[in-house]
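Just one chain follows, in the form predicted alone, and it is written as structure tokens.
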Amino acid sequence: MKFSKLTFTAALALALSATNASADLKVGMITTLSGGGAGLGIDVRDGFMLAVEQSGVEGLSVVIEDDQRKPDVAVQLADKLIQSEKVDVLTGIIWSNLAMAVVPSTTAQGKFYLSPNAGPAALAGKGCHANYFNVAWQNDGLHEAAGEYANKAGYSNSFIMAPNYPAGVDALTGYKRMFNGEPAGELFTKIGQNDYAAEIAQIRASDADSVFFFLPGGMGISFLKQYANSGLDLPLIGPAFSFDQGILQAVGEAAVGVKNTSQWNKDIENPANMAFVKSFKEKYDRLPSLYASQGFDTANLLLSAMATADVNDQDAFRTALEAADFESVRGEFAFASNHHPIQNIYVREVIKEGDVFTNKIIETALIAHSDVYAADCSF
């Protein structure tokens, strides 16, 4: 059964009164709220808190902390939230290097971790854990879809680049897994880098027929602006992380027409998504981003589990999370055996609607897609 957004609060309240479920649950959200990646964390936070507010559930509390995009800070915050704040569930991390530092420690201490974003390969395969769920994607997925799109577009020698951290490695691995051609060049940049003159010079000197890049947050803004001013006219391909709402407004016209891949967009026509887009814009006076949608779904997954199980009964609560009995803004949603999503991934095109730069879906790249690492996962 799936709850509609109009009846979710009443249905949840009824379920809580009719079962042994408990509404008393404490969430620790560690996310990036300052520095170059702050927009991503703010969107995850705002999407999550919107779902909590709409549910009207009492007894659910959320403690929010800023990791400053620093792994050591994230680990310290996680320990504090678990040991001092006594949280039941952790969530919120944006960056895969921070997830690699926090998730294993969280699950080792007997807590649940629900990822609204980072999905490193190491945590999807042999490093998986029964108490770890990724509600967004496994890192490779959107890049695999980009590789599949590149084949269809007729590209045979893409120049590929990403930051040198776990998600960047997964990005290029995913693209090459699906791409039938040979990379004209392959680069790992510094995380947080803002000058791409050297990389653009290497692209210019190559025989590339296209450029695939993964540069989230401020990195993507810097690269796109510099690429537009370089005079290069090779077509760009990337994941949604490099073409999301915040980035597009900062880049402007230079991004129009670029194709990118995503498991979500504001024009997916289902009741849950249409209600989400409308309510998010009313609440925050901006269009929701991919990150906001993931925060929203993460909260609704948690709320659906609360409706049927007490978090203190870990086996029952885990089973309730695995059921994913909520209406995702993506439409069809389920977990694979490694607790990572099975979902469609789309190709989007950057457009301009009035004065706002945004995306529209133009085709489906991968249907009911799941990651390759599940075969190596055993709980």
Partner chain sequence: MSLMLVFEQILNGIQFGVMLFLMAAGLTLVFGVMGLINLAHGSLYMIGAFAAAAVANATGSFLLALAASLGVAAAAGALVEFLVIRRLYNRDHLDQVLATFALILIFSEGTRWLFGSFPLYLDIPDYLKGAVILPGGLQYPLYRLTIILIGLLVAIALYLLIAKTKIGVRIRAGENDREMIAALGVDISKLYTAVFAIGAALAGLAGALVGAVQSVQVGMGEPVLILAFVVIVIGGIGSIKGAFIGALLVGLTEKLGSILLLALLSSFLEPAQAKSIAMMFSSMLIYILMAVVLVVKPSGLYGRRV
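This is a predicted model, so every value here is computed, not measured. Residue numbers count along the first chain shown, from 1.
Heads up, the form predicted in complex with its partner chain isn't pictured, but that's what we're talking about next.
Only one listed stretch (338-346, 321-329, 39-47, 57-65) carries heavy atoms within 4.5 Å of its partner chain in the model of the complex, and that stretch is 39-47. Contact check for Gly238, Met274 and Ala275: none of the three has a heavy atom within 4.5 Å of its partner chain in the model of the complex. A single residue from the set Lys152, Lys126, Lys86, Lys190 has any heavy atom within 4.5 angstroms of its partner chain in the model of the complex; that residue is Lys190. Interface residue among Thr173, Gln226, Asn157, Gln76 relative to its partner chain in the model of the complex, by the heavy atom within 4.5 Å criterion: Gln226. For Gly110, no non-hydrogen atom is located within 4.5 Å of its partner chain in the model of the complex, even though that partner is not displayed. At the 4.5 Å threshold, heavy atoms of Ser222 reach its partner chain in the model of the complex. In the model of the complex, Val251 approaches its partner chain with a heavy atom inside 4.5 Å.
The closest non-hydrogen atom of Asp267 lies beyond 4.5 Å of its partner chain in the model of the complex.
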